[in-house]
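Presented below, as structure tokens, is a lone chain in the form predicted on its own.
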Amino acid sequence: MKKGWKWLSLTLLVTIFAVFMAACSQTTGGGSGSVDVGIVLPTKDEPRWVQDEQRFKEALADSDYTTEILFSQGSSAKEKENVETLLNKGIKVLIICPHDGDAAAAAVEAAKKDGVTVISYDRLITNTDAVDYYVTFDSVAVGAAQGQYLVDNVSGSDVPLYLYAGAASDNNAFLFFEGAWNVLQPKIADGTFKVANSSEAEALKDKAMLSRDEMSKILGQVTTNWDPNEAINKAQTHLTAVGADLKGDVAVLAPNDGTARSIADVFASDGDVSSYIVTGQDAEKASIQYVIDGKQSMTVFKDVRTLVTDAMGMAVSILDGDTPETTGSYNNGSVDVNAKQTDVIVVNQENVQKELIDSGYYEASEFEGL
């Protein structure tokens, strides 16, 4: 009899725990059970994606459709597992920002086999025909804005130029670099800039249009893999390797805010670097403080509110049986993917108040020295 009561108690505990876990689900929107829209983001370890998660939750607060947000934590295997989890919950639309554009192909192909519409979010999934739509900022325009800022804020000739890039596994890293190269290359060729940290870029300085393979060679020398620690190591290595003639007043193409802050700290600590201009993107809070303090020169503001609104608007259109609005297309190596593009804004000390505080994106109380 005692054994029977123990078994019954254990069963009750398991049942209570299961109910508790169900209550703690990340699913949002109306109702419970199956999920209409599955969202997969690359990692919780970068402020950018935590910020996107929050914006999605805000956008979905009053939604009639159910959603679930999962993170892949920088693992393509976990990403595929997340997609499978969402497929098992009956999603009809998948919004996914891939950790690795090529590796994500297998995950979205499984989604397509289940009749799910796939929206590639912010980063393009490559070399598969299983992507239906792409919601993105104009990544080439981001790189062009970074490059133009450097051009507009240097003077003289032979200005040492340090190039850095994102991860070679991320198609956006190539688009950012392409945009920057389009602007910087003529100024490298005419002697305004002298590339300080990439022999591959120096060898290609007279070539306006680079092939993917040529960009890959440059990225192989200057990639940060979007990792601030790797950016520190790269910057320290590069500054150690060059002489005083490649220091002084320098220009630095940093791909995003996390790497920009790391690189800026390294350059600021070198006694032979008298001044530096450094780019960034994402308008992370920490980098906005750096911009205010004069430690980072600019950031490219990509209003995630707009990107999230575009992605969810597209998903709702699909669920309602309508055709989503698009503004262009991107070739992913297999097909031309219809895309909705969102504009970007350059933010520096002069307009940080207007673009980020007055617009309601951040609160003034979150910063010092405004």
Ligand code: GAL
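Numbers follow the displayed sequence, beginning with 1. The structure presented is a predicted model; accordingly, all values stated were derived computationally and were not measured.
There is another form of the same protein, the form predicted in complex with this ligand; it is not shown, and what comes next is about it.
Novice: Picking from 337-345, 44-52, 314-322, 64-72, which part of the chain touches this ligand in the model of the complex when contact means heavy atoms within 4.5 Å?
Specialist: In short, 44-52.
Novice: Considering only heavy atoms, tell me if Glu214 and this ligand come within 4.5 Å of each other in the model of the complex.
Specialist: No, Glu214 stays farther than 4.5 Å from this ligand in the model of the complex.
Novice: Please tell me whether any heavy atom belonging to Glu79 falls inside 4.5 Å of a heavy atom of this ligand, as the geometry stands in the model of the complex.
Specialist: Because no heavy atom of Glu79 falls inside 4.5 Å of this ligand in the model of the complex, the answer is no.
Novice: In the model of the complex, does Arg261 come within 4.5 Å of this ligand, counting heavy atoms only?
Specialist: Arg261 lies outside the contact set for this ligand.
Novice: With the partner left out here, check for me: in the model of the complex, does some heavy atom of Thr223 sit within 4.5 Å of this ligand?
Specialist: No, Thr223 sits far enough from this ligand in the model of the complex that none of its heavy atoms falls within 4.5 Å.
Novice: Tell me, out of Asn197, Thr128, Ser297, Asn172, which residue has a non-hydrogen atom within 4.5 angstroms of this ligand in the model of the complex.
Specialist: Contact check passes for Asn172.
Novice: If you look in the model of the complex, which residues in 230-269 sit within 4.5 Å of this ligand (heavy atoms)?
Specialist: Residue within 4.5 Å: Asn256 only.
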